[in-house]
Each structure stands twice: as structure tokens, then as C-alpha cells.
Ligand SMILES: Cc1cc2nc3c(=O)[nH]c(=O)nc-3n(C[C@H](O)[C@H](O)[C@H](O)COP(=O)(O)OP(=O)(O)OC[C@H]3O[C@@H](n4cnc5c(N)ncnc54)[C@H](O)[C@@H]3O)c2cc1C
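Form predicted on its own, single chain, as C-alpha cells, below.
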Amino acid sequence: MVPELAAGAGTLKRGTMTAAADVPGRGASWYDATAVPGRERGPLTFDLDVDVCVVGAGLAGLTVARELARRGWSVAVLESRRVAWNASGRNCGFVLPGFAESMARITERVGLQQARAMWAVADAGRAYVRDTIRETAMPGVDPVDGWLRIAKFAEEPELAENAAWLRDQFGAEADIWPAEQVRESLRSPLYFNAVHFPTACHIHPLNYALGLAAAAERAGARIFEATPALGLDPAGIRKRVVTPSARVRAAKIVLAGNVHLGPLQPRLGATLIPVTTFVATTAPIGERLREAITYPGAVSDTEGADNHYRVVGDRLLWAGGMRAWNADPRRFARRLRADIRRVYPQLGAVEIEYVWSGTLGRTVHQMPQIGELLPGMWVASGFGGHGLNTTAMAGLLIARAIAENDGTSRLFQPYELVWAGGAAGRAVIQIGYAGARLRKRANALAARWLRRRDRRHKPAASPGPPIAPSDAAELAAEMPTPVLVASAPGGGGVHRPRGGDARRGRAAKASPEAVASPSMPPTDHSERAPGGNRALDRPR
């Protein structure tokens, strides 16, 4: 597998920040600086015969390996670099319910009954993470409960309807917080109402991955680092995987290398868009941070890449920005610092000590790739920035399918492999993100103007008589029109090629809203998701 990550690097010296591209291994991030001690694993130097060969030692591959080893299967894991060197060990650490795609769109595509089953297996993945941390007494993972999805710049009344729909149809634990409650915990003038998911949590993802690798080895799996898979032959009962120094023969192969599988499986790699996102941690802030943020859980104040954050000790861990091509994370430090100041001006000019990036794989339909590609060859990939619960889910489903002939993984058959459009697909994603960010800024300015105007025209005493129609028209004429960045015809979302289009490998069309598209309610009113807002966003 060819690494594609521009890795950030940091230093513990206060007030300085450095970054380096393509650092061997995991690179230097705040997660690396706070990682629990772990052992180095050598490369595979001898031929090996096992029941299952897993390609990729990220969260999905490690979960498959652990679960199959616990069931008595011999497992070898091949990793081109180190355990969790990329997105698995570089993400925000949010363990959330659901998927990157909204449940409204999933329901529209597969029907309510199957959507409920998919929600249940995703939630089982969330529970698996918590249970594994507890059962194995993982050090340094430190789960903290709760996730707030916040309305930024203006009230979103439809959040309450979406939360009620998730509770009624899927049994989700989702509560509405009014703006007053939100601002008691997050003292930002930009925040309004929110949906609270109390069973979500945030963790140290690198320490979780290292703990998962240790648990897999205790169960009997063998992990080989610095061992890229250079080729594979899936034919026959015993499949063969070629590495630089040895060969592996296995009855089953699981491809869990995400966007880095391209050189090994080009057609599979072409179904993913590599999306790089950026994360920073500040220098210690101290009392100012404790006064500004009293909510201990994870926070998302967007439907796209900006911004997702959490408090870690007396620092802020803050994520924002995305690129469909590699980029030096140092270029984003100033922008992330500006985002923090915009949301929490009382913090002043905070210092960034670490900034890094991670590259995830996004599918056209925003759902993970889980299933059997050929007899005995499985894939677990495309988690799209919503991976801590869905990687656990995928690992469980594939292990049960291989060891127990369980058919639950077939729930994901409606989400076929679709060509992601190559360079054109990347460009669409990048333009969509830029357009969404510009539109949010424009709408924020318009909302700010309206609030200031309302304050200027607010009567000092009684509200007085209702405004006459003629006066209302005059006021409307004075009001500036909010500047909106137009979406593509047909609304947001990604066109999903079906039938012949998918089989012929045509490029999937995507709207400029592809990164942050609103939910599309199902046509059946009985299964309809209220409102037009995505209740479950994608943290990166």
C-alpha cells in the first residue's frame, strides 16, 4: 500500500508548532505525544499459512482480527507502516451513533425496516467500542460521554422534529437542548439550539487502536508492521498474498486498507475519494477554557468538516478544513486558530502546539463498503469520517460472516461499489466544501445584520400594535437579501448510479452540496424524517 498522508508534527515546547509531510510511521501528533507505551512489530520475513489474512491494521482490520482469533481462527495482519498510522489514529475520537449518511436517506433507499436493522448494527458497533475498552481495561483511552450537534448562527426548529423521528423510528437516545441550555455549557454567541446524544462519547483513538491490537494478539492474531501487500491471487481455495520478503497463504482475505488499497486493487481503490482533514491541539489554556466550556463531551457545530472539537485536559482539540488532495497541515494552523477565536472570542489568541492531518476514504453514497467481493475475499472500507462505530461494526459483521456464516453483512448490499469519479470526483468534493463554507459565512452575516436591525428597532416599552401590511412591505424593502451560494439543480446529495450505470463504471455525479448535504425525506409519509436538516453529521 502506498502512503498518501501529509502528517503533522508538533513539539512540546510552548508557543511553537511544526509539521512534516509523509513522516514514517504515524508521524508526530498530540495523540503520538500522549500514546501509551507500545511495542514495535517487525515485518513478515517468512512464508506463512493461516486461515485469514487481513490487509491493513487500522480499526476495521484489527477488529476483524481480534474477533476471528477469539473464535479460534488463525489470523495474520499485514500493515504497510504501523498500527493505526493514518485515519484510525488521527481522527477526532468521536464514537457516534449512525452513519455518515443520514438515516432519512438510508430509509428512502432501503425502507424503514432495513434502515432500523442498519441503525441497530451501527449502534452495536458503538457499544462494542465501549465494551472493549472496559473489558480489556485499556489504558489512556479515557471515554467521556455525550455529543452535541449544535445549530450555529441561527435557531434550527427542525432539530426537534429530527430528534423525535430518530427516537420514534430507531429508538435513538436524542434530546433537544434549547439555546439557553447550550450557552450555559458552551459560552459562544454563535450557538443556538442543539441535539444531545448522551450515549455517544469521545476517546483517544490512537490508544484505542493500540489497545485493540494488543487484544487481538492476546487472542492469537499475529500483526506484521512494515509489511505492504504487493500483490494477491484470490483464485482457488488457498489465496496468496505477496509481500516484499514472504508470501501468505490463506483461506480468506479481508481488505481493510481503505484509500491505500489503490496499488493493490486499483478498481476497488477507484471507488473511494481520499479526503484529508485537519486537527490541532492548543497549548494549555487554563481557567479561560474552563469558563468558556463546561460541557465535557464532543461538539459538532456544522454539517461538514468545520468544526468538531472537545476539551482534553486544559487544551482544546479542534478539527476543521478538508482537502481532496494532500496538503501540508501547517497551512491550516492559522485558520484553525481563527475558527477558535470566532467561536470563543473570550479565549483570545490561543497558541497551536500540534497540527496534523489524516486521510479517510469517502464513498459516493457515504456508506461503508462491507461485503464479500469474490468467494473468500472480503472488504471493510469507506467509513467516511464516521468510523469509530462503523469500523467496529464492520469487523464484527465480517468475522461473524466468515466464522459463523452469519448473513447480517448483506444489509449493506444496496450500497454497491461505485466509481468515485477520479480527479473530477475530487474536484467536485473540494468545490462543494468551499461553496458550503462560503454559503454559511454569507448566511451568518445576513443573520447578524438581522439581529442588529431587530435590536435597533425594538420598542422600549410595549410591543405596540401589529405592523400594518404597508409598513411590513416597507421594512422588507429595506432588508438586504441574504447572499446564498446556489446548489446544483435537484438539491443536495450524491447521485447514486444504479443498474447499468454502476456496472459500466460511469462517473457518479455529485452536487456542490456533497460534503454537507441536507437530509432528503422518504416519499412515504409514514416513514418521513421531519424537516430538512441532517440530524447526524460527519466529524473528521
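Keep in mind that this is a model prediction, so the values were computed, not measured. Position 1 is the first residue in the sequence shown; the rest follow in order.
Below, we turn to the form predicted together with the ligand, even though it does not appear here.
Student: Since the chain is shown here on its own, which stretch among 281 to 289, 258 to 266, 370 to 378, 180 to 188 would lie within 4.5 Å of the ligand in the model of the complex, judged by heavy atoms?
Tutor: Contact criterion met by 258 to 266 only.
Student: In the model of the complex, does each of 93, 228 and 386 have a heavy atom within 4.5 Å of the ligand?
Tutor: Every residue of the candidate spot has a heavy atom within 4.5 Å of the ligand in the model of the complex.
Student: Only one of 103, 76, 194, 87 gets a heavy atom within 4.5 Å of the ligand in the model of the complex. Which one?
Tutor: By the 4.5 Å heavy-atom cutoff, the listed residue in contact is 87.
Student: Using a 4.5 Å heavy atom cut-off, which residue among 126, 82, 222, 152 comes into contact with the ligand in the model of the complex?
Tutor: Spelling it out, the residue with a heavy atom inside the cut-off is 82.
Student: Is residue 358 part of the interface with the ligand in the model of the complex - any heavy atom within 4.5 Å?
Tutor: Output for residue 358 is yes: heavy atoms within 4.5 Å of the ligand.
Student: At the 4.5 Å heavy atom threshold, is residue 52 in contact with the ligand in the model of the complex?
Tutor: Residue 52: no contact with the ligand in the model of the complex.
Student: Give a yes/no on whether residue 64 approaches the ligand to within 4.5 Å in the model of the complex, heavy atoms considered.
Tutor: Because no heavy atom of residue 64 falls inside 4.5 Å of the ligand in the model of the complex, the answer is no.
Student: Give a yes/no on whether residue 277 approaches the ligand to within 4.5 Å in the model of the complex, heavy atoms considered.
Tutor: Result yes; residue 277 sits at the interface with the ligand in the model of the complex.
Student: If we check the ligand in the model of the complex, which of the residues in 210 to 226 reach within 4.5 angstroms of it by a non-hydrogen atom?
Tutor: Stretch hits: zero.
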